[in-house]
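Shown here is one chain on its own, the form predicted alone, set out as structure tokens.
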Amino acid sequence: MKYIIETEKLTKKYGDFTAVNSLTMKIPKNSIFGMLGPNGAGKTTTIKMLTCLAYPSSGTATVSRFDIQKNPNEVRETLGMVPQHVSLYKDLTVLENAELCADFYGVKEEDKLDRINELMDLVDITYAKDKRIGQLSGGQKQKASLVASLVHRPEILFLDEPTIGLDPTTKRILWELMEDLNSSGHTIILCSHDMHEVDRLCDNVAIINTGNLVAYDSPRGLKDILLNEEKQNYSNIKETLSNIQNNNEKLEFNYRRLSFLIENISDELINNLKSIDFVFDVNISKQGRVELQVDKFEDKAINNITSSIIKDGGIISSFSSEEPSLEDVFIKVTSEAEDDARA
């Protein structure tokens, strides 16, 4: 089975309002899949249909090859869900909540404690197993929720804003845990507004807005598409921009920043960088980092600048380039979808 979730023209209407509009997509098995969209875009409705909490108005979907309308019980058995707001019983302990979920899913009595203990060790929450949920920190609650969601060994785990409000250290621990769960065979559906989180973890990303699928690719693929579109737009107006530049006027979007941490900086090295025709500005920090503003769409910029530095004896310790971010992609495609919806 290559795809663990497949939708075909999946649609949900509430009266005259279309929450999800003819959604067709495929989610690969054993992947971490990001689902993005602004508030009210249709993400939650899509998840409700895939988890059999809402029935579609039309279209079809299969989860682990089970039809969400014909086989809802079988679908639910394949799923685990960690909601944004932990829904465990606050007056019960971590262990008691896990046991309750195990009983709900029909885990055999002889297997129950072994599974729970194994999961508690995995997420590092064993030390708090006898604490009530209401006594735990935000990160501990998310770990307890993971134990309860995984006790029946689901193939698919839905995570809704799992790290929101957590400190950076706890957030990183949960990121590593997601990667470990994925490596052990779980498909993870991650809904998040943290673009860095999605970019770091996800193999593929779907962006939904106004009920429509407006983008689908890997994070790198989405950013490359945006970069190529910007390059094409620049090419179309290059002559106009060239005339403006001849008048010594600057357009910010025509630039990108390159940053080099260089040893052995010399006046000759800097002057030679300034003389390159697509380099517009050069600044040096106290730490020896050279910041350059270059023509945003010059294909040879990095090669030529690097060659110039090395030729003049500079040793490059690190390098960074300003590129389109996943957030740039998100803003562009969602704003276009909203413009189309208004038209």
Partner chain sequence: MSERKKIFWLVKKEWLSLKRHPARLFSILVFPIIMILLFGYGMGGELTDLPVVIVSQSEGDLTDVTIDAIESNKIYKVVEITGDINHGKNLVDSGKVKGAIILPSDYDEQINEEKTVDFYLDSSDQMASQTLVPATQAIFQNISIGESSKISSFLTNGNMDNSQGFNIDSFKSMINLDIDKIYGDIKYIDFLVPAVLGMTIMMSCMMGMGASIAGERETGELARLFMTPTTVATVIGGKIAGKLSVEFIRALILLFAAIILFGASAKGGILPTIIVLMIGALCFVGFGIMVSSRASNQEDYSQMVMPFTFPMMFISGVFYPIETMPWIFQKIAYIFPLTYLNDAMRGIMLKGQTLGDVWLDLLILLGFTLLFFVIGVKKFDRDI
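For clarity, every value in this text was computed on a predicted model and none was experimentally measured. Numbering follows the first chain given and starts at 1.
Omitted from view is the form predicted in complex with its partner chain, to which the following refers.
Sole residue of E155, E96, D194, D217 within 4.5 Å of its partner chain in the predicted complex, by heavy atom: Result of the distance check: E96.
Candidate from K296, R289, K26, K48 lying within 4.5 Å of its partner chain in the predicted complex - any heavy atom: Contact residue from the list: K48.
In the predicted complex, Y255 touching its partner chain (heavy atom, 4.5 Å): Judged by the heavy-atom cut-off of 4.5 Å, Y255 is well away from its partner chain in the predicted complex.
4.5 Å heavy atom contact, R172 and its partner chain in the predicted complex: No, R172 sits far enough from its partner chain in the predicted complex that none of its heavy atoms falls within 4.5 Å.
Y127 within 4.5 Å of its partner chain in the predicted complex, heavy atoms: No, Y127 stays farther than 4.5 Å from its partner chain in the predicted complex.
Touches its partner chain in the predicted complex: R76 (any heavy atom, 4.5 Å): Looking in the predicted complex, residue contacts with its partner chain include R76, since a heavy atom lies within 4.5 Å.
Contact stretch among 206-214, 267-275, 142-150, 185-193 - heavy atom within 4.5 Å of its partner chain in the predicted complex: Of the stretches listed, the one contacting the partner is 142-150.
All of L53, C101 and Y105 with a heavy atom within 4.5 Å of its partner chain in the predicted complex: Yes, all three are in contact.
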